[in-house]
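Quick heads-up: it's one chain on its own, the form predicted on its own, in C-alpha cells.
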Amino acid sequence: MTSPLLLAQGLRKRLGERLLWHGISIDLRARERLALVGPAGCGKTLLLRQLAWLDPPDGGQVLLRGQPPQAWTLPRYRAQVAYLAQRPPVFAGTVAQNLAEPWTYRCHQGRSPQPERLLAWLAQLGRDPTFLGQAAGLLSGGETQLLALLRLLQLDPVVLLLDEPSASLDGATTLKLEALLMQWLRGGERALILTSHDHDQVERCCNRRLELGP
C-alpha cells in the first residue's frame, strides 16, 4: 500500500469551553476523495483550516508526505495543501492579474505559469478567454469560486481542501467543475477533501466520508 499523502492523528479543537472534536484522524492517499459531513456548526470548515495549518489544532499532528508543516515551511506547505474557502478573497485588478499574483511569491520561484493549460480549464468550465479580462471585484459569487479554484489548481497542489466549492454555481457549471476536479486527480499523486451541502455531489465526487458532530 502506498504511503499517505496527508496524515492527521489525534486532532482536537476547542471553541471557548466547547470541545468540537477530539481524536480526529485522517489517512489520505493518492486519488482519494474524502467528504467531511455533519450538521451545521460541527466544525467542518475549522477542520479544513486546521489541515491547511491556517488554524493549527489544539492537539494532535498533521503530516504531509511524512513531514510536519514546519519542516516544509508554511508557504510551501500551504501551496501543497491548498485551501479553497467558500467565499474566497480576490485581489484588485482583473482575473488574469489575480491568477498571476501567486507566481510572484518566493515559494514558487523557478516555476512559471502554463497559459495553455489555464485556457483549456476555462473552456472546460464554460468560460472563454474574455473572462481573464474581467474585473475580479465585479465577479459573481460563482465566478469568484471558479477564479479561486483555478488560482490553486495552476500551482499543482498535492491536496485540495474544498469548502462548499460549488455553493454559488448553477447545476450545469457544478458538473463541469466536478469533471475538472476528477481530471485533475488523475494527473498525479493527488487527493482532495471537501465539504458540501449537496448530498448528490458527495455521492458523485467522494469515495470516503468522515462524520463530524455528535
Partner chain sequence: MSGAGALPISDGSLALSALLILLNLAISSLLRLGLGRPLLLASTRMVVQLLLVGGVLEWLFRQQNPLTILGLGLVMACIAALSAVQRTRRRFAGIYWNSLVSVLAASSLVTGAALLGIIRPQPWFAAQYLIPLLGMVLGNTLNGISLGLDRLMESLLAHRDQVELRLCLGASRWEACRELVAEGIRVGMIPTINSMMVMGLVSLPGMMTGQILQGGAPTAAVRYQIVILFMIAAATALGLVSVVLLAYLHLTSLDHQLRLERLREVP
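Note that the structure is a prediction, hence the values are computed from the model and not measured. Positions refer to the first chain, counted from 1.
Keep in mind the form predicted together with the partner chain is missing from the figure; the text below concerns it.
Although the partner is absent here, G142 sits far enough away that none of its heavy atoms falls within 4.5 Å of the partner chain in the model of the complex. Residue contact check for R78: one or more of its heavy atoms lie within 4.5 Å of the partner chain in the model of the complex.
Under a 4.5 angstroms non-hydrogen atom cutoff, the partner chain in the model of the complex has P89 among its neighbouring residues. In the model of the complex, at least one heavy atom of D55 sits within 4.5 Å of a heavy atom of the partner chain. Only one of L152, V158, I26, A167 comes within 4.5 Å of the partner chain in the model of the complex through a heavy atom, and that residue is L152. Of the candidate stretches 176-184, 46-54, 32-40, 59-67, only 46-54 has residues whose heavy atoms lie within 4.5 Å of the partner chain in the model of the complex.
Contacts of stretch 97-121 with the partner chain in the model of the complex, defined by any heavy atom lying within 4.5 Å, are made by E101, P102, T104, Y105, R106, C107, H108, listed in sequence order.
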